[in-house]
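In the structure tokens that follow, a single protein chain appears in two forms: structure 1, then structure 2.
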Structure 1
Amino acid sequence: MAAHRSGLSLVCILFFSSLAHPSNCDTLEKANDNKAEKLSISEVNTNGGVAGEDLNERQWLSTDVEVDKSDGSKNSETLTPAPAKDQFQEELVIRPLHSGDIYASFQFRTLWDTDFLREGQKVSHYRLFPKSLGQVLSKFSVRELHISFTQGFWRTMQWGQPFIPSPPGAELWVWFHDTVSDVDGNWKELTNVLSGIFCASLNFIDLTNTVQPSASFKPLGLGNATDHRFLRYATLPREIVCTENLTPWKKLLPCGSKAGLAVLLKSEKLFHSSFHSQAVHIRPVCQDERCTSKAWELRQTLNVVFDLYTSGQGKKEWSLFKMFSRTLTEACPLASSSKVYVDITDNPEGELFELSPATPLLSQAVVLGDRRTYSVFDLSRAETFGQLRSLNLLLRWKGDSGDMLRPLLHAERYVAGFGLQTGEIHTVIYNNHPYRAFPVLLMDSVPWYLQLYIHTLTVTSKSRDNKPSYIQYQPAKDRHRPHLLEMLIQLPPHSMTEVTVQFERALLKWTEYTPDPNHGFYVGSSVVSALVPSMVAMSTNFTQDQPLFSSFVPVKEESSYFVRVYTEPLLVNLPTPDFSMPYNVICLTCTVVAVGYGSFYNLLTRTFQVDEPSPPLSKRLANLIRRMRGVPLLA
């Protein structure tokens, strides 16, 4: 099969090679630096889009033939009898952070041109898409599913914005199809099934920690569903993420952890890090620019921040081997593209650090309102691996990097007050934009055992009252549902906005406390969602071959980009009863009630009588004998 295909393509290439033009490459020679800067990413992508249809073809070709891909593949398309309906891409982005840490972000995307939800159609043949997830999607009529497991907290002020944010612990949000009648029932079952698939305690998601945000979580894929009755959102801030969650996550990948970028995912290194987050995002997307047909996209992302600065004796130096204790030797054979991007934006002239091996390929992308330059290592090309047949990226810092651009939006949260009776939640949102005001959506989901008093809600910016233009509040019901507070707040430029609300701590039943109750109870992160004004124009074109990290959230307008910021989860202490003495309490309280009952009963049923002391025993005996003898009794 491989020989046959490569033969076909070879013919095409020979036939059309004369028409090939160097500027059509999707990546550019380093010599053409000036040209590369002029080319926007969209331009690059239009060319890539053509190649996209036949990416499967290329992966077989690339190992033995040096190909000029774009045009060759375009023509082989006409000759391929049935284009594969699914494709797989993998990608690793490495960004050296200003704090000296290294941020590595893996993204694996499986795209499948099928519809699980169509009536009367049973999808049973799976190729790249994991069957376990496909069956879940069709069984529960899931329209969109986002699940993340995070260990550690993303420090926005030191590290900037992550590509895909996630709150500490586990987060799950699902849009169900609007044909679902019993959404709560489906949700309950789905969480239990996912709990099994990911070996996580998602089965602890129930009505008491599930909310239906009305504005903060819009579908990221196709379709503009707005009826939030079909949305369910839950977080488990206490969830601890470890190897047992990583293994099932890796099993969903077409190549497992056998080949491609996934060989780097060794748990002993990944969990020895400052931040670890793995996620699965499933959504329907357009298959092409015209959006004629729908495809299902499965994105598996894994973000990790290594603190190599402290472990490397203060030397800012890293390599793939140092981070993952593995090097790359091949791409996943099933992947249509397999690339490693290294962020070199701060180092255009090579004066700050030195990256080896050097790569001739550069790419530009507008990510999170910032134009970034990346060195690209295409794993599907043999020369990437060089003589040693292995790629070990190595970066050595020469000098100290400058200051980081402060993230435009940043939020933090804490609990104020002392004692175990009341308290106050403070959420502080920073707008660091020098001159633009923009609105943010703040969403807070607070468990029922902290009773919020919405009349104490205050929002102040620049020490003035800042009345939210929209408030959606759903008060909690004891043991049934949490508080949900959503607000639209306008953040003045270069300001700090403080949102405070008072709460009262409830005393729970002794069985409702978690193990180690004096550790406290976690309250999930609040979510700040915003369209932040962008410094550079965002590209609104939808194209297939953007780098994955830049194409997750659809961009609707050029002037702004979507950001979601999660605050710290809170740890709140509640008053506790004494767990050792339920019997004692029951006995003592019942005793007091019985004292009441006894004394009333006594007074109600008895009457006052003169106390006639009974005669002593000797007298009674004597009287008994006297009675037998028939003698008068003693008085």
Structure 2
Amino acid sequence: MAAHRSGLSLVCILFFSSLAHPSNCDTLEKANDNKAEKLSISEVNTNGGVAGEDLNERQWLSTDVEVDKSDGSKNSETLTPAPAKDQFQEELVIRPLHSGDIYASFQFRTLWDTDFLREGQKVSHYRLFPKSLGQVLSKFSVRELHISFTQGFWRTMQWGQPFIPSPPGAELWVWFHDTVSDVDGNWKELTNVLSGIFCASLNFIDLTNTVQPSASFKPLGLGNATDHRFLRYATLPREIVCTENLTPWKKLLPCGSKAGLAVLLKSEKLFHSSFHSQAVHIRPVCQDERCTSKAWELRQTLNVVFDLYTSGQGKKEWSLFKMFSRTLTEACPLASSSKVYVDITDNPEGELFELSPATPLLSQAVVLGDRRTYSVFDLSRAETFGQLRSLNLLLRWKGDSGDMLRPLLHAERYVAGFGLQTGEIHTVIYNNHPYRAFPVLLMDSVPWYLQLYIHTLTVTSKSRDNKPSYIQYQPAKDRHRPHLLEMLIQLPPHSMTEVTVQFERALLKWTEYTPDPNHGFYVGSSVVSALVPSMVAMSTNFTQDQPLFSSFVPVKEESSYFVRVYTEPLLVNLPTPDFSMPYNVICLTCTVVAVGYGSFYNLLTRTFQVDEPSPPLSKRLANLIRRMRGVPLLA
């Protein structure tokens, strides 16, 4: 009987152990299946015969399967891999400029198919999307967020148009959801939170430098909102960009600065340049043509222009190591696409510069109304790095780059006048198209201490008056809100349009001046938005496999493309009191107190004694002689 019980217990133990631990054959079959999936993915990468979306989907599916199979639970055999919840792409575009400088643009894109604004949905799991930004979106009901930090000024006439423009200093504009009741309160709290996230001075944004544009800043994502009450726009033109702003920006990347293209982001090289701009753009986008599924897009961009002379180079020769002091060794493991593009449009036969190593992969894209050709280096392929397992692109110029084609739209601004009472703001807009006229939308935000005289506003084109077809003006309130001026102006072909307005400088309180008031006060850049006629047909199919740098702004018409141009910020001097007078008053007061109080205190505390007058010299000599002779002294 005991033997029967022991045998029964042994059978039960073996049965449950077989359920808890799969057999070696099952484990071997799973490993072989996993290996086969990996081999199929590598074959797709090598052959390149599958579309980019299918490749990304297979990669994410393989990752989920590996995670599920690594789990030792007994139900792992029946689980099916869930579709990927987020995707990550990274790109670097290198464009040689005609001035001999070189322009490098980094694009990092994270897609997450979730909806923060859906009622009753709480997001608590974050994989690639940064949790700090996700909590900001859900807490403050943000529909779109665009923030940029820029050091330097983009020289359009020398470098052409950038992929994503930004003004000098800090710029922030946000679209809130229409369910927000207190937009100003959310805006104030949002700026304070973003100030802590990016280690910037965004907490200085308040109602005195915040405006609500009615037409200039439309949503770039889903929806065509027209209620500008939920839009806030502000700039800090004096904001200084430094390493403390770059470090939190890099931490938002899935791989940080440890792998992928982010290893090139070395602060001492990036800030030793002519132009540097980093930005974060968050918006809802569609995942397919019919927009049946939506996703949140986080796009981090970094643009930098390296100058030939400030870099200390004596010849026109650039490489990744000379620009960033590092080379590329691998792609980000979490990235579904990691590529480097080099613009060779002006170098079809290699007569302008030599690019090494050479690559057989070429790509064409319509960027800013022009068809460009790029050499593509796919970091997901092992042959890209060669035997040294390192990619160091080298561009060596052979001859003169020639003259650059003038951009079709350009703008600049300056202050005229003399004295410290009145002045005049001049905004000049250039239409360099030889035969096409097109409208532009000009937005100006002027601080309240520059009191504009709108009756002096004039718009002239080719020495003739050019009446704007739309004008929206919101006057300023002292110490409460700035001026806001928006105009729709028709630019004649091949013309220069000048917009002038006079202003008067206000007197500030002595507590409202900056620590260096004689340096002047900054006025933010003007914003010029326009649909510029395109030289080639633009593609309106947003689902097409396009590079990131050519798919940021949605294209709705084949004959034109959207361009936003920022002018220079203004530096205006205000009537400034002599702040050295308090120092002089303190010195004079201390001197008077020291002399007066010292004399009075001396008179009160001094003791007086009566001194007898000394005898004459003859009497003193006589007493001396008498003392020697022992005779009594004279009285």
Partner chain sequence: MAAPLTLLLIVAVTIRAVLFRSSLAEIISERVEVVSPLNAWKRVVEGLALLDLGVSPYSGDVFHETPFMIYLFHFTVDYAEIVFMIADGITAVALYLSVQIYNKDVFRKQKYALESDRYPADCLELLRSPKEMFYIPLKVAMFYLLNPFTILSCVAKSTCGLNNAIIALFIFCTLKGSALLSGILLALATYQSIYPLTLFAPALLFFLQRLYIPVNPRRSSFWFFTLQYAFIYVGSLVVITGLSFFLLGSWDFMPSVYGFILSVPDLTPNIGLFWYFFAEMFEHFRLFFSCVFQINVFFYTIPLSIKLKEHPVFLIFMQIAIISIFKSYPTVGDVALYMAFLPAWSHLYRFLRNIFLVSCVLLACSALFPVLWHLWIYAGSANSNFYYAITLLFNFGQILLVSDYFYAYLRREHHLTHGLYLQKKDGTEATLVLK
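Please read all numbers here as calculations on a predicted model, not as lab measurements. If you superpose the two forms and keep the largest set of C-alpha atoms that fall within 1.5 Å, you have the rigid core. Quick note, the numbers are simply positions in structure 1, starting from 1.
Working note: structure 2 is the copy from the form predicted on its own; the remaining copy is not.
Relative to the superposed rigid core, the position of the CA of residue 585 differs between structures 1 and 2 by 2 Å or more. Once you line up the core between structures 1 and 2, the Cα of residue 603 ends up 2 Å or more from where it was. If you fit the rigid core between structures 1 and 2, you'll see the Cα of residue 594 move by 2 angstroms or more. Taking the core as the fixed frame between structures 1 and 2, we note the C-alpha of residue 629 moving 68.4 angstrom.
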